[in-house]
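Read on for two forms of one protein chain; each stands alone as structure tokens, with the labels structure 1 and structure 2.
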Structure 1
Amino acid sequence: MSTITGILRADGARAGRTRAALIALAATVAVVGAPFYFAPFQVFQLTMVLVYAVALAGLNLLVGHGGQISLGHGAFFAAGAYTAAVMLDRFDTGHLATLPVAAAGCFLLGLGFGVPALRLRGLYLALVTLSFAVFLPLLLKRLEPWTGGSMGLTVDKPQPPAWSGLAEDQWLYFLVLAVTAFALLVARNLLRSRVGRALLAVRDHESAAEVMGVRLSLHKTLAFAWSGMFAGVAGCLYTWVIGFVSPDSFSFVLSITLLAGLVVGGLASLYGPLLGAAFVMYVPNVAQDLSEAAPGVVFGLLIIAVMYVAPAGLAGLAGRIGSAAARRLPRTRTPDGTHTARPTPSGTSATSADPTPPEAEVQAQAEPVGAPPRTEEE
């Protein structure tokens, strides 16, 4: 019987891997083929979803895994966007050269801004980060010789090479897709490293993490630095895609919208940034179509509705749907004629041929070791 059970478990694991591979292949085909199927404006929207996904991946490091609240993420986004725009407009550099400079500059900016995080937490930290998001657009307007002031800067978009045969929107899509895939891979590997485990320990219990040897000051500051770096990369991609930057495009509303998108997508989730980015991109347009007079009210009501249906975010809702579907799987018949139920949450399979009923298991667990057998009177 144990041999049959082992064979069944191996077959189930093999089937699970095959199913995951097929899903990944289908997703890859859909992502690669999207710019050839949709209209240019729809391709632009998909490209912006990828841009926001990079920004939310960085915010997820800070909020979802680091446990720190930030309402100033839009400021790092703006810093990366203006770094790329100034380099393209004032210094006439190549587009690819702006990406590492924006990433490094925002990493250093986040490193310096992470110092207040050492002594502040909760609402106080959120207020300080919000002040940064409010202050930066005003500063950009004052630096008119470099930033163009209130008029902003207009720059050229990356042009597709002749050998590619792609339109401009398609080339931008694949360019941003490559950077987004690399950024998400870096975020995934970072969370699985010692840094990611240290961030989780700090988030769950600071005192216990410090006793275990985690340097709180270092990892809190690094959380802001990594988060700022991802936001800077997203801002650089934003400049590539839009071709125009202005201070009014990066108000504090952007920071609040990014945080709302992360919460709706799912905190501390691998796919939460992607789902949250789609929410940030498409839901405001839906709110505008539903009510041109008060789109903000509709947007807020939609957020409340989503959080009521999915308290753990859209990523958590997808997991709940998958678990419910697994619980409804029909029973299968084993070679010896017994029936196997669906897999239990612990990964084992419950069979109808179990020789020990649940009551007997409970009674056997309650019996002390070495106790004499009970009689019928007992």
Structure 2
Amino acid sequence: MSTITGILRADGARAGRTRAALIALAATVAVVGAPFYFAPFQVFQLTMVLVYAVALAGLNLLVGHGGQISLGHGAFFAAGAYTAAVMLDRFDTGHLATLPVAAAGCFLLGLGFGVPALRLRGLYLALVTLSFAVFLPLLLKRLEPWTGGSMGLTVDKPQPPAWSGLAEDQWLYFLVLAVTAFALLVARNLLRSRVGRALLAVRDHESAAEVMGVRLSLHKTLAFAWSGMFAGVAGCLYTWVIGFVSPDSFSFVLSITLLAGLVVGGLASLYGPLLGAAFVMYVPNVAQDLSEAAPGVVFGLLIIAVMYVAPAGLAGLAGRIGSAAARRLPRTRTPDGTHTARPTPSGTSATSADPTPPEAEVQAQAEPVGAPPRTEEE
């Protein structure tokens, strides 16, 4: 019998890998196929989810992994958006040229912000970043010759090249998808590098990290810079997608919404920014139908609720359900071993009498989601 379970287990491992590949393939097909399936407005919403995901990935670097609080990331977002808009409007550069400039500009801005952040901790950093976020829209209004004041700037959206045969919304979706995928990849690799490990060490114990040879000042400043850069890139994408910027789009509510989205999505998780971005995009949309104030009520309650019951956010919640299911599975195995815990790929054990498959299914899907501290082989 032990050989049977052994075979089953090896089979299960192989099946697990196949399943992961299948899920990845299905996800890719879904992501690439989406703009051809949905209506233009829905494609636009998906595009905005991707834009927010980039900003949240940056905020996650700083807040989730760096342990520093920023209530002002909307300011970096605004800086990126305005960099792109001013370049397009005044200098008539191509769209692609705006991306590196917005990224570099916000990186430098973040670096500048990181220096006072060295001396400020926790609450104080939150105060300074919040007041910066309140200040920036007013500054943008003042710089009217460049920014168009409170009227804002209207710029051209990137047009699809003739050979692609795509509509404008589809082309935008793919452009943003490419940038987002690249940005998320960079964020992930950054976290698995020296820099990422140093950040985690600083977050968990500053003094210990310093003793281990991590240069606190360098890494805390860099965290701000990287994080600002991602938010700036997201802002640049925002300008591409919307084709219009105005100071009122970037009030401090945006900063707070970004933080809220990240917290609900899941701090320090790889998939948290994506979930959070969907949350930021769709919850106000759904709640808006009820009343103008409903999104805020839902947001506020959810943030507090998430802090109480699931500090790791939606991503963490999914992971927790997964591990809870995993803990319970061995117990459901019957003594004769005919019901193995993991459903076999052929589905023989998935009889109607078997209570395990639903849980196991949850686990199989949730496993990659709730994976913040894991260092699995690639």
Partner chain sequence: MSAVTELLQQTVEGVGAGAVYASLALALVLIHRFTGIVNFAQGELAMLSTYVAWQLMASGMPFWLALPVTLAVSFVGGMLVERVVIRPVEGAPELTLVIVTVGLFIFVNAAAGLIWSFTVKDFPQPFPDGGIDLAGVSVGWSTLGIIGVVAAVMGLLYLLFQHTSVGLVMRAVAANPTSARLSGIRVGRVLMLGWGLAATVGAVSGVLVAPLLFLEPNMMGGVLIYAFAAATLGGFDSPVGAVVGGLLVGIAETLAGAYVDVVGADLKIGVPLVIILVVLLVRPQGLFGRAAVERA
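Here, a residue number simply tells you its place in the sequence of structure 1, counted from 1. None of these values were measured; they are calculated from a predicted model. In this text, the rigid core denotes the largest set of C-alpha atoms whose superposition between the two forms falls within 1.5 Å.
- Working note: structure 1 is the copy from the form predicted alone; the remaining copy is not.
- After superposition on the rigid core, displacement of the C-alpha of W146 between structures 1 and 2 stays below 2 Å.
- Once both forms are fitted on their rigid core, the CA atom of V49 lies less than 2 Å apart between structures 1 and 2.
- The two forms, fitted on the rigid core, differ between structures 1 and 2 by less than 2 Å at the CA of G94.
- In the core-superposed comparison between structures 1 and 2, the CA atom of L301 travels 3.1 Å.
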